[in-house]
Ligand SMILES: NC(=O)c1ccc[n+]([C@@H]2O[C@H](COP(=O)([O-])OP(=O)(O)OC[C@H]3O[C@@H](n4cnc5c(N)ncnc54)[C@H](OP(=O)(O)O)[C@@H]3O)[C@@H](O)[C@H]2O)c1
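Before any questions on binding or motion, here is one chain by itself as structure tokens, the form predicted alone.
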């Protein structure tokens, strides 16, 4: 749990991603096969440490992600609790046959949307067993409001963010990300999908948050970094 300067409480949020050397999370065609076996094991353990996992609708449309934990990455007999699954979609435009909805319906799935989502689509989500949260008028989901609801009403203290690009950018613009765990693969993405798609331009590096390296490790042919975000300029000494 994290409290801001206004005393508002929300989950601690960790952004997880695998990226290329030039900062892409996927190629132009959506190829995001970046993590090796060792890194995937780390990712699934990280998922198990968090109470919720969140993605944007673009990730569902591109990857048809299940957002579950694979038992094969854990020792036999290890008790695994899958995190609550959350999809951020301002208009509710994700297919009802998406695996996040149809696979393991016993795992709670929340559709975070806005009043742009039709009443018909909301009823369809509910009929499929999902919960629907209306967070703002639109055009985008009010992410701050969503985080407060998740903490207050769902008792979620920790949340793992797995993108994609626009959601990553909007979350950091709202100063809602606390840490980043990123693995860098030894390949280039070219004109692919950037790690962050910020909703504004930066005219100076002083406008960027400062990312403090807390830890680092080698996973096979990948470099893993654990970064703490300070929403203030970097100080070069």
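Remember, predicted model here, so these are calculated numbers, not experimental data. Residue numbers count along the first chain shown, from 1.
Not pictured, yet referred to below: the form predicted in complex with the ligand.
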item: Contact flag, residue 158 vs the ligand in the predicted bound form, heavy atom cut 4.5 Å; value: no
item: Distance check, residue 170 to the ligand in the predicted bound form, heavy atom within 4.5 Å; value: yes
item: is_contact(residue 52, the ligand) in the predicted bound form, heavy atom dist at most 4.5 Å; value: no
item: Distance check, residue 62 to the ligand in the predicted bound form, heavy atom within 4.5 Å; value: yes
item: Contacting member of 117, 132, 140, 149, with respect to the ligand in the predicted bound form [4.5 Å, heavy atom]; value: 140
item: Per-stretch contact check against the ligand in the predicted bound form, the hit in 103 to 111, 162 to 170, 149 to 157, 119 to 127 (non-hydrogen atom, 4.5 angstroms); value: 162 to 170
item: In the predicted bound form: members of 33 to 67 within 4.5 Å of the ligand, any heavy atom; value: 34, 56, 57, 58, 59, 62, 63
